[in-house]
Ligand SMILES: Cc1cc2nc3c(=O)[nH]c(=O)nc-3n(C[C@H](O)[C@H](O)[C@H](O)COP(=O)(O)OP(=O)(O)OC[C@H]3O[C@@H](n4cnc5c(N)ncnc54)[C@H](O)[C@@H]3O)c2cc1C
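Starting off, we have a lone chain in the form predicted alone, written out as structure tokens.
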Amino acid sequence: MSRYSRPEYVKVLTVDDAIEELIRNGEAYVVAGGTDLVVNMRLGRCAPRKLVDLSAVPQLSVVSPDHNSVVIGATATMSRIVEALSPWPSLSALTTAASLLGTPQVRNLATIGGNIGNASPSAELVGPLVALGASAVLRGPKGDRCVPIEELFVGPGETVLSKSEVLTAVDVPIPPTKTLTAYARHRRTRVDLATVGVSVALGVTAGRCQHCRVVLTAVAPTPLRAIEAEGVLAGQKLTEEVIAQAALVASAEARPISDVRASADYRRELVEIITRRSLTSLAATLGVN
């Protein structure tokens, strides 16, 4: 027997119509793929009075790359993101994360907006988006505003979005020349949530680290930049010793909990291993170690 009451349902054709629905009913939720929301409803974690379906708003499913940035509509699916952005090697972290999420059936439904809006500490795309310096485009009754993805999350399941705002797109800057990105994670089975996720963006100049972002997921209430580890790498030649030290520092910066998927100690060990391997692989590809 279902554990939730069937909510009212409306499919809108514009973002402004969606905002009007959200203002009209303060207990309404937006939905597109529904791969997270429907599960949470069935588990009794949320009980929306109304579902506002964004899937028929044409511009929200578009992925638009150019020389400076990629604008990804909020209802773009994981499959669409992989298809559209695979030709861009510097966005590899993002396409890898999208390709690893769930099963093929889930990837054909799950959207980037849902993956962000659910605010799960283990969300696949969030780490790469923070590593890439992406921003969320939010629209509400007073117009649009941009919020860095890094500043979007308040805690598990919580974001800075107000109840009358809609996430319409994600703006991802194209990384500078000689910059590569990577995403790697550990999980027990192919379809499990990540036990630990590590995203890295690494840029080099004259054989030294010019800029770097190391972002950890599933080891803190919100995505966590390993700022001290980034400091270890800044301006340095990417030797085996420097990379190993940065990975060790990243592990110390993690704030994991023990739960059914892994102990806190195991998660810290995974952070060190995955960070070291990711940095080593990127440095080798960039020809600087």
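Position 1 is the first residue in the sequence shown; the rest follow in order. Everything numeric here is computed off the predicted structure, so don't read it as measured data.
The protein also exists as the form predicted together with the named molecule; that form is not presented, and the subsequent description refers to it.
**Q** Exactly one stretch in 121-129, 208-216, 80-88, 146-154 has heavy atoms within 4.5 Å of the named molecule in the predicted bound form; which is it?
**A** Stretch 121-129 is the one.
**Q** My question is simply whether Leu248 lines the interface with the named molecule in the predicted bound form - judged by any non-hydrogen atom within 4.5 Å.
**A** Although the named molecule is absent here, Leu248 would stay clear of it in the predicted bound form, with no heavy atoms inside 4.5 Å.
**Q** Using heavy atoms and a 4.5 Å limit, would one call Asn115 a contact residue for the named molecule in the predicted bound form?
**A** Within the cut-off, so yes.
**Q** Can you work out whether Gly102 and the named molecule are in contact in the predicted bound form, taking contact to mean some heavy atom pair no more than 4.5 Å apart?
**A** Contact check for Gly102: yes, within 4.5 Å of the named molecule in the predicted bound form.
**Q** Even though the partner isn't displayed, in the predicted bound form is Leu37 close enough to the named molecule, meaning a heavy atom within 4.5 Å?
**A** Contact check for Leu37: yes, within 4.5 Å of the named molecule in the predicted bound form.
**Q** Heavy atom within 4.5 Å of the named molecule in the predicted bound form: which of Ala182, Val204, Leu167, Val172 fits that? Just give me the one.
**A** Result of the distance check: Leu167.
**Q** Using a 4.5 Å heavy atom cutoff, which residues in 22-58 contact the named molecule in the predicted bound form? It's fine if the answer is none.
**A** Residues within 4.5 Å: Tyr29, Val30, Val31, Ala32, Gly33, Gly34, Thr35, Asp36, Leu37, Val39, Leu54.
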